[in-house]
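For reference, the chain that follows is the form predicted alone, supplied as C-alpha cells.
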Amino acid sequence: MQHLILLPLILPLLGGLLMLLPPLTESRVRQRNFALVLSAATMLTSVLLVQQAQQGVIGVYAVGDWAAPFGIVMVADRLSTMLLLLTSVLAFCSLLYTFGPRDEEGSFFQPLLQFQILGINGAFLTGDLFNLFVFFEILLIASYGLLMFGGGKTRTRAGLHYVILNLAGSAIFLFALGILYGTLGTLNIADLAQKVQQLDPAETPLVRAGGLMLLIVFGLKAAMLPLQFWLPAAYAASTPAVAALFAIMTKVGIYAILRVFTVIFGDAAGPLSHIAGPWLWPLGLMTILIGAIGVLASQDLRRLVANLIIVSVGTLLAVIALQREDATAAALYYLLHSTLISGGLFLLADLIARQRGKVGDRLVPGRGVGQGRLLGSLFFIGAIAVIGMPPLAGFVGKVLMLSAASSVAEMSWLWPLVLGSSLVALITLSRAGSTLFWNPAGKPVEIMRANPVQLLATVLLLSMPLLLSVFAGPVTQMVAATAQQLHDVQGQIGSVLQPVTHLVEVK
C-alpha cells in the first residue's frame, strides 16, 4: 500500500508506452480495451487514495528515499486525491466515448490520451514546483497532439495559438522558478512555505515578483482574463473525447493557484500573505463578465460550453480570492460539479451535431435530431445543472459560494455577477434548446442513432450532478475537511518535511 501513490503515474506511463508497441499498435480495438482497463485501474487506485486521505493521513512518498526538501516527493492529501479521482472519472468516460470512429482519424490517439492523464495526475500529486513544471510540460505536449488530432484548418489554427501561448507560459514559469530558487534555495512547496515565513525583508520584492509570475502562468492555464481568449477556439475545435478531458485542464491551473497561494503565500507568509488576492478578485469578476458575453455571442453549442467554462473559472477565482476556509470549500464543491457537467456537455454536443447533418452543432435551424426526445432530455438536464437551478449540484454550489461572501463589498460585486451570468446562461441555453430540438428545418434521419457506448459515457457524466445533489451532505463535509487541511499550513509543513518516507500520520 505504501507505493500506491505512484500507481496513478505508473499506470498511464507504462500504458502509453506499451500502446506504442506491437501488438497494440496493430489494432484500434485492442488499444481501446487496454486503455479502458488502465483507466478503470487508475480510478480504483484513486478511490483507495481518497479513502486513505479521508482518514486524516497525508501520504508522502519520497522517491528513492531522498527525503524532502532534497528529493522528489509525491504528496497525497485530501485535495490532491479528490482531484485525482475527478480526473479518473472524467478520463474513464472520455475513453469510453472513443469507442466510436473518432480516434481513427490519425495515429497515436490513445497513447497521447494516456500521457495527458499522466501529466494531469502528476501535477496534482507532486510536492514541489519544479516537478509541477515538468508535469505541466508533459500534459501540454500531449495536449498539443490531441488538440490537432485529425488535422484540419480550424484545429491547426487553434492549436498554433494554443502552443505559442503555452510556450510563453512555460518560459515565464521557468523564470519564476529561477527567482524563487535563487532567493529561497528550494522549490519544495512545504519548504517554500517555511522559508517565506522566515524571509529577510530585503528579499521580499524578489519573492513577490516570483510569486506573481507564477500567478500569470497559472492564470493562463486556468483561462483567467486577459489570458482566456485561447480557450473557446481550442476546446470547440477538439474532438469530443479530448474536449471532455480538457474540462479538467483549467482546473489544474485553479489547483495550482489554490496550492501555491494558500500554502506558500497564505496566512502565515508575513508581508507576502495573500499577494494574489488583490489580483484574483477583480480579474475573477471580470472573467465572469467576459465569459457571459462570450456565452451570449456563441454561434455553436461547443463554443457555448467552452464559454460556460470561462464563466465557471471566473466564479471559482473570485471565490478563491476571499482566502477563507468556507470560501475554499464552496469553490471545491463547485469545481467538482462544473468539471463533470462541462465534460458531459461536450460529449452531448457531438451526439447532437452528428444527427443534424451539415449544420452540426451550429445554433441555426437545421435537420431535426434523430433521437430528439432522448438527447433533448439530456440537454435539459445538462442545461439545468450548468445554469445552477435546483435541484442539481450547480444550485448547491452557487448557494455555497454566494454564502461565502460575508461583507457588503463582497456581496455587492459577487452576487450580481454570479446571478447575472446564470440568467445569461438560462437565456442562451433556452434559445439553443429551442433551435436544436423544437424548430427543425427538415425531417430527422430515422436511421441515425447514437452509439450506445458513447451514449453511456455521456449519460454517466451528465448524471454526476444528480449524484452530487443526492450526496450533498457527505460531499460538503468532504470539501470542508479538504479546505481545512489546505489552510493548515503548519500541518502540511510538518508532515512533508519529516525525514520519514512513505506515509505519515497527521494528528
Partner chain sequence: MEALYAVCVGVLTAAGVFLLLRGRTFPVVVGLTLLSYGVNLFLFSTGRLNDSAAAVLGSGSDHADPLPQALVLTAIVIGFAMTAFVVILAMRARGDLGNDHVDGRVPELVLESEERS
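Source: prediction; values computed, not measured. Positions refer to the first chain, counted from 1.
Below: the form predicted in complex with the partner chain, not depicted.
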inquiry  = Just checking whether residue 391 would be counted as a contact of the partner chain in the predicted complex - the rule being heavy atoms within 4.5 angstroms.
reply    = no
ask   = Can any non-hydrogen atom of residue 119 be found within 4.5 angstroms of the partner chain in the predicted complex?
value = no
message = Is residue 210 near the partner chain? Define near as a heavy atom within 4.5 Å, in the predicted complex.
response = no
inquiry  = Contact with the partner chain in the predicted complex for residue 179, defined as at least one heavy atom pair within 4.5 Å: yes or no?
reply    = yes
message = Taking a heavy atom within 4.5 Å as contact, would all three of 255, 259 and 274 count as contacting the partner chain in the predicted complex?
response = no
note = The stretch from 306 to 314, 164 to 172, 364 to 372, 343 to 351 that lies within 4.5 Å of the partner chain in the predicted complex, judged by heavy atoms, is 164 to 172
note = Answer key: of 282, 152, 270, 376, within 4.5 Å of the partner chain in the predicted complex (heavy atoms) is 152
remark   = Heavy atom within 4.5 Å of the partner chain in the predicted complex, from candidates 380, 413, 144, 230, belongs to 144
Members of 295 to 326 lying within 4.5 angstroms of the partner chain, judged by heavy atom, in the predicted complex = none
